[in-house]
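Form predicted alone, single chain, as structure tokens, below.
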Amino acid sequence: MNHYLAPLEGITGLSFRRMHSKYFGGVDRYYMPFLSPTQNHCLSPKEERELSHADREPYEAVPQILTKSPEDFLWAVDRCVERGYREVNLNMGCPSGTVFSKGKGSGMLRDLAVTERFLDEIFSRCPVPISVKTRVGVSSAEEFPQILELLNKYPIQELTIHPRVRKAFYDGAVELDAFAYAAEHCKHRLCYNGDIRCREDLQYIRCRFPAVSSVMLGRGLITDPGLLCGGTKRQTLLNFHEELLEEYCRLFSSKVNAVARMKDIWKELLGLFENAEKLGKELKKTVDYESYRSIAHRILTELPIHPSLAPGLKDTVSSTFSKNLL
């Protein structure tokens, strides 16, 4: 089974991917946080920096594209191909309110007739394979059979499904019955994404869905960066943290901005440690670089690491997907 790192905006950028690959590994593919091309057809300075040439990185990466315009999508594909990438990923799952209201990301699930015209264009003209990441509906997983019927019409390289509806964002139980429907009816290689937080969750997916070829981990791999290589070791994590912090200081030319970016990672990473509430609150409040380093060092060197993180998946009947559809 293949293991992927999910594209998490503000967290899994180029620097994070490089450091994770260097210190932990175990990831077969790193999916990049999305490019969002505009009518100007010009990469922003950030996008220029983040879209590194594929052959310059020691790991395999796939660019993700967020747009509802076929022309903008194909323009972004050309920029990716110029940098050596041989596959792109279409984002049909982002639940952000701004993204959704513009008909992008999970907003593409609102009007499947419009989405069909978009898919017709990009699949007929794209020079490289396209994988897709989607959710199972907007308001109810009862929408998913129609969504999957549409997606089955196209030569999708791999279909990643986050089995939640858009309105759920990242809360509540995943819709495992909806994913089971996909496992039975999907015509593409299938990737599972959602609430994988420990090795028990990985084993659960392998056992319940043996035909699934890949799993994509997001927050679980930020909480436990060494999850795919035998667990996170304290000294390795300390070295990872120090080099990543130095890289952010160089990249942003600002220690304040570097601390802010590291604190985004700590929102998940704190879950690796026992009794982290007090130091976690101090870390959240501080904006001073030296204070941040002191608190982070205490967490990394003094607090016990959880011997086993709690599973994130529950084998429950989903609340909005009818079992009679299976």
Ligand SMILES: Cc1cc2nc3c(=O)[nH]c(=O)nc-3n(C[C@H](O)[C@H](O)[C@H](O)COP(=O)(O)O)c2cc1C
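Numbering starts at 1 and follows the sequence shown. Here the structure is a predicted model, which means the values were calculated and not measured.
What follows is about the form predicted in complex with this ligand, which we do not show.
- Note that among 138 to 146, 73 to 81, 211 to 219, 106 to 114, the stretch whose heavy atoms approach this ligand to within 4.5 Å in the predicted bound form is 211 to 219.
- This chain is drawn without this ligand; in the predicted bound form, the residue among 223, 232, 131, 91 with a heavy atom within 4.5 Å of it is 91.
- Using a 4.5 angstroms threshold between heavy atoms, residue 8 counts as touching this ligand in the predicted bound form.
- Taking the partner from elsewhere, residue 33 is found to have a heavy atom lying within 4.5 Å of this ligand in the predicted bound form.
- Residue contact check for residue 201: none of its heavy atoms lie within 4.5 Å of this ligand in the predicted bound form.
- Within this chain, residue 67 is remote from the site of this ligand in the predicted bound form, having no heavy atom within 4.5 Å.
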